[in-house]
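Only one chain is given next, in structure tokens, and it is the form predicted on its own.
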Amino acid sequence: MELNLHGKTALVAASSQGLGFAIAERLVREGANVMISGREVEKLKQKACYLESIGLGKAAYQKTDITNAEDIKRLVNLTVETFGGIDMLVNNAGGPPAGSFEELTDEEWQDSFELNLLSYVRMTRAALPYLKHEGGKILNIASSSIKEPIPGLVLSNTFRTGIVGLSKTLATELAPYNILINTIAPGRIATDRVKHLDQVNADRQGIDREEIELQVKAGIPLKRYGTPEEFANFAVFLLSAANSYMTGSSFLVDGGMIKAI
């Protein structure tokens, strides 16, 4: 299968670690040029150097707080200045805090809105003029909560489903420009975020995190957590030329965990 990513440019938000970095790494290995971003400059510098050393594509980085509109504009502008344009945009953000409805404050709701939904709106708006030039791909990273709400994660359950509504709407609005947009939703992928959520559940139940992992894996048909690399493989397919007719859709990468049809 020809992905035809050599020489293409991708902007990947929140990509100094986890799923964002896994996607950036796979893109570079396929010959794409990648701009990574995050809040920790030293980590970004190290990861960009690593990416430069392993792939056919080039890598650059920019410190970015994706809840800050001006930071987003600077990130997009630097990507265009560095690589000449933007062919692929990956919207990504760290997960919101765990908590039940009655536990969460207005400030936590506002912060989560700005991090997990408004950042996607702003990033897409800023990149859109460049994506329109020759068509392109937008990939929004959400969560399995778009199909089945996760207990104790009301913020994620609320704003991740908003991402789906945004993607579905933009699929129609952007189709005349040959821009395809999709949502990809991880289930239990072995990242620091999932480890943290397992620890939160373990603390609430007064048991070890390893016991939580065993309980969760028992409910996954494949009986294991996925790897960031497995998630990135599918993400990069959606971003590549091999995907030419899929837009406005949401895809689970969850080992069969979600039972909803």
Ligand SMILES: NC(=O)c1ccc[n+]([C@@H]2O[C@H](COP(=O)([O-])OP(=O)(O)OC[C@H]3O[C@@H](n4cnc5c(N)ncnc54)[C@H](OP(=O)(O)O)[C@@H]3O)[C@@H](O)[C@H]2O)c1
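What you are looking at is a predicted structure, and each value in this text was computed from that prediction instead of being measured. One-based numbering along the sequence shown.
The same protein also exists as the form predicted together with the named molecule; that form is not shown, yet it is the one meant from here on.
Mapping the unseen interface onto this chain, Ile66 counts among the residues with a heavy atom inside 4.5 Å of the named molecule in the predicted complex. In the predicted complex, the named molecule sits beyond 4.5 Å of every heavy atom of Gly136. Put simply, Asn92 is close to the named molecule in the predicted complex: some heavy atom of it is within 4.5 Å. Interface membership of Gly57, defined by any non-hydrogen atom within 4.5 Å of the named molecule in the predicted complex, is ruled out.
Out of the listed residues Glu70, Asp208, Glu229, Asp192, Asp192 is the one that sits within 4.5 Å of the named molecule in the predicted complex by at least one heavy atom. The partner is not drawn, yet in the predicted complex one stretch among 76 to 84, 179 to 187, 98 to 106, 128 to 136 has residues with heavy atoms inside 4.5 Å of the named molecule: 179 to 187. Contacts of stretch 153 to 174 with the named molecule in the predicted complex, defined by any heavy atom lying within 4.5 Å, are made by Arg160 alone.
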